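In structure tokens, one chain follows: the form predicted alone.
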């Protein structure tokens, strides 16, 4: 397919890479502008969990469709992307949380995703390292994990995009101005720079969210699924206060990647040790063997969130040729491919069932609807 369209993608992370790939597959000549490492930033700081979430119908549709696209992409990814269909185990600590399993399974079924309700004995048999006394859970076998920096680099290379190692300092009519003073002509500009998108479009309803991750030494604890507590929403999303939740991912190296924490409006990168202790206490409450492991590394990352926890995807609404793909909070890796499909549908008029949902900037006050 050929096109005379000139597109500039601002941001070389997972979302920017997916958008560049989608635009190029429709024939556009794509440039990606990224001043830092490709696949760095939030892409490198995440767990790489590919997970269907059902907080809202729009989120369920976007994550489910994105998992379909990841399934299709997986056979082409390089081995270093470490794509593994380990599945997710949603763990219920009590009967109240277990009661949430049935509606969650029904939502997944409606989205075409398979899941399996587990009683306490079945949960223990699948993951013997979990503590005794848990109520049960939900196994979602189609969920997966991926090493996102490699996946992003693969998509950028496949797109054939020209990578410009610079920053975009201003969006102008028909072009972008770089930090070096150079200008790049563009019929379409896609702002996919995470929280950095605010430097170009300060009117966007985005908020910075800091998270911590810790990786352990090799060996010592056998875990085969991505483990997440079913109380994740009430633990990690109930308010704007600092919060933690149980979330553990087995790595092929025999290490465990442990999350998660959530803090708003903390732009510094330094670990917050009090919150890290809370996060590890939470992990130990579900997985007691964590207490015997040594940590090899701790790091933080910055994501960006919208008021309704859905990303901003589509035309800016007021600026000709300017599109956005940002605000994915903790689901940027999962939903990058679905995001790119929505973007392509708007730019090229291609079909996508996701266009039935409103991911536009205009759903918030103050900016015209796309």
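Residue numbers count along the first chain shown, from 1. Note that the coordinates shown come from a computational prediction; the quantities given were computed from them, not determined experimentally.
The protein also exists as the form predicted in complex with a small molecule; that form is not presented, and the subsequent description refers to it.
S.K.: Quick one: from 293, 168, 123, 155, grab the residue that has a heavy atom within 4.5 Å of the small molecule in the predicted bound form.
M.R.: Checking each option against the small molecule in the predicted bound form, the one that comes within 4.5 Å is 168.
S.K.: Check each of 189, 151, 91, 192 and return the one that places a heavy atom within 4.5 angstroms of the small molecule in the predicted bound form.
M.R.: Selected option: 192.
S.K.: Select, from the options 195-203, 74-82, 135-143, 108-116, the stretch whose residues sit within 4.5 angstroms of the small molecule in the predicted bound form by heavy atom distance.
M.R.: In short, 195-203.
S.K.: Would residue 31 show up as a contact with the small molecule in the predicted bound form if we use heavy atoms at 4.5 Å?
M.R.: Residue 31 lies outside the contact set for the small molecule.
S.K.: At 4.5 Å between heavy atoms, is residue 333 in contact with the small molecule in the predicted bound form?
M.R.: Yes - in the predicted bound form, heavy atoms of residue 333 and the small molecule come within 4.5 Å of each other.
S.K.: Taking the small molecule as it sits in the predicted bound form, is residue 161 near enough to touch it, meaning that at least one heavy atom pair lies within 4.5 angstroms?
M.R.: Because no heavy atom of residue 161 falls inside 4.5 Å of the small molecule in the predicted bound form, the answer is no.
S.K.: Taking the shortest heavy atom distance, is residue 59 within 4.5 Å of the small molecule in the predicted bound form?
M.R.: Taking the distances in the predicted bound form, the answer for residue 59 is no, it never comes within 4.5 Å of the small molecule.
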